[in-house]
Every structure is written in structure tokens, then in C-alpha cells.
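The chain below stands alone and is given as C-alpha cells, in the form predicted on its own.
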């Protein structure tokens, strides 16, 4: 009798667990897969590229295999002035995001427009590519393979750019350094609207992996932080030593992301910097020491680019 009841209990537990997983994972997955990508989702895919968590192309999460987001005010092909345009440059060999390699990610209308108007089916990872996000006359966003539609190649686009953001690499570092342990990227539908901006829509996450919602909030939500604070100087100081801008901050220092040299190629002496900082903290010096400008290829620059891109 006891064994029979034990067996029935195991079956009931298994059925309950399976039903629970079906309700919490499968059903929402079906709902999400039926959603079309928003314009923001397309922009995020092209900004972050393929998997920004642990993967076999970048096993140590160093920000490799990522596109470069650029701002253009002149046509890379003709040199003629154009309206401010954001483009996404994938150097040869850089892996495309899932929305470009899987037909069921973007949504039917977005996929159709991306192929018929955007010519994304002609894009090749081996050759490199430049993309932009466009909108049809009926407001359907789509990915446009600008290398074919506009003649923008990788080298010319990078050369013509006014600004380059390594936000895709920065998101990898955001994951690696555990920033999501304290910061969420998911404002709630409460008073968060007033402080952190609107909550995201379901279609904003198509093709993004991982989503980095965060598991807890011990610090401000960062989803729209680039709109609230667009100062690169402030962000650089904050990451180097948060106490420079927030005296009671519990955020750890990320000065190790600067590496050995600054943007001018000068050696960074953290011990000497600390000595000057502690003199300032004790009131022995009026001004704090200057923070080194991150080198163009430093991990610090990548992380700052990612945060400033969150708008």
C-alpha cells in the first residue's frame, strides 16, 4: 500500500511539475514567438550582434565577434551630406544576430519587408556587411542591407562615421562583470515610469540573447540611462571610481578595465592615483586626481559605450 501511494505521489508530482513548466515556459514562448519585432528590437539585434553571453566564439567574454554601431552625417559612398543616420557595421567574419539567420525571429511582416526591400537575404558574414533600420510607408520596421541597397561597404562606412560605439562588446562585459546583479534593464509598470522611463514591450526582445533583465534591483534601472545621463565624462569617472560622483555608492570600482595604458598611450599608475585620491578623500587635497581617458580598444570604453547606448 505504501509503495503504491508513493508511486502515485511521484506521478502527481511529475505531472504538476510538467504542467507548471508548460505554463511558465512553453505558453509564454509561443506568445513571444508570435510577436513581430519592434524597431527597437531590430536596432538591438544589429547593435549587439550574436550571443552576448558565454559562447564558443568568445569563451572568456572579452567582447569579441561584435558589430560596431556608427553615426553618419554624410553618405559613405558619395560623401554627400545626409540626415543623421545610425548604421551597424559587421566586419568580415562577424556573426550576424539571430534575426538575420532565422526566418521565424522577426515576425512575418518585418521578415517580408527585410527581404523584399532590405535585401537581407543577400548579406554574407564572410564578406562583412553594413545594415540600417528603415520603416515602410505603413510603419513596418525592417532591416536594410545597406551594402547592397546603398553601396555602403564596411571600410568606407567606418571612415565616414562621426561616432563609433562598441556597444555590443560592452554588453558582453556588462554580463561578465555581473552588472545585472544590482542593475535591472526592466522598469516596472508602476512609479518606475516617472523615474526610469517606459517599460519595454514584448516585441522589443526578439532575437536578443541574453536579455539581461536582472534578478534584483539594488541600484537604479539602466534601460534608459543613456537618455537620463548622456555625459561620457561622468560615466568614465563613475566606472573608474564611483565615489568620485556618488560619495556613498556601494558600487565596486572598475578601474581594472582600463588596462595598462590610457588613450594617449601613457602608463596608468593605479597606486599613485589611489594615493592622490585618498589625500582628497581625507581633505588634504582640494581636487581629486584626474581619471585616465580609456584607450579606444579598452574594455572600459566598451562598457561605457554600452551604457550610453541605453536610451
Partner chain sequence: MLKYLFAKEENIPQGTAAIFFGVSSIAWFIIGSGLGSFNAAKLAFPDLYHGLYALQFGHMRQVHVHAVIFGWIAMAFAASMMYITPALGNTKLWSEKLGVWNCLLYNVGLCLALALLWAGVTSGREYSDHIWPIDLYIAFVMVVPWCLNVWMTIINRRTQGIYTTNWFFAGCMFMTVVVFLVGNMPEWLHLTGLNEAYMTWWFAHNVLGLLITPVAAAITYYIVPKITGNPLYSHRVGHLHFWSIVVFYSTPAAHHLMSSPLPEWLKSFASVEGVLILVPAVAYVCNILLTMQGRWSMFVENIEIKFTITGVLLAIPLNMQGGFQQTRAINWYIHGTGWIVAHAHLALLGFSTFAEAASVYYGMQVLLRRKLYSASLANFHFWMLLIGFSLYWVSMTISGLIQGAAKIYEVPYVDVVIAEHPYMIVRWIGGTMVFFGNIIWLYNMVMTARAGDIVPVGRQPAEVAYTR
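Computed from a predicted model, the values in this text were never measured in an experiment. Numbering follows the first chain given and starts at 1. We call the rigid core whatever largest set of C-alpha positions still superposes within 1.5 Å between the two forms.
In what follows, reference is made to the form predicted in complex with its partner chain, a form of this protein that is not presented.
- Judged against its partner chain in the model of the complex with a 4.5 angstroms heavy atom cut-off, the residues 50, 220 and 250 are in contact without exception.
- In the model of the complex, its partner chain sits within 4.5 Å of a heavy atom of residue 270.
- Although the partner is absent from this view, residue 9 contacts its partner chain in the model of the complex, with a non-hydrogen atom inside 4.5 angstroms.
- Within this chain, residue 65 is remote from the site of its partner chain in the model of the complex, having no heavy atom within 4.5 Å.
- Heavy atoms of residue 189 reach within 4.5 Å of its partner chain in the model of the complex, making it an interface residue.
- Of the listed positions (95, 224, 232, 176), a single one reaches within 4.5 angstroms of its partner chain by any non-hydrogen atom in the model of the complex, namely 176.
- For the residues 117, 182, 148, 237, the 4.5 Å heavy atom test against its partner chain in the model of the complex is passed only by 182.
- Residues of just one listed stretch (108 to 116, 137 to 145, 79 to 87, 195 to 203) have heavy atoms within 4.5 Å of its partner chain in the model of the complex: 195 to 203.
- Contacts with its partner chain in the model of the complex, taken as any heavy atom within 4.5 Å, map to no residue of 140 to 154.
- Annotation: Cα of residue 21 displaced by at least 2 Å between the shown form and the other one, core superposition.
- With the core held fixed, the Cα of residue 12 is displaced between the shown form and the other one by 2 Å or more.
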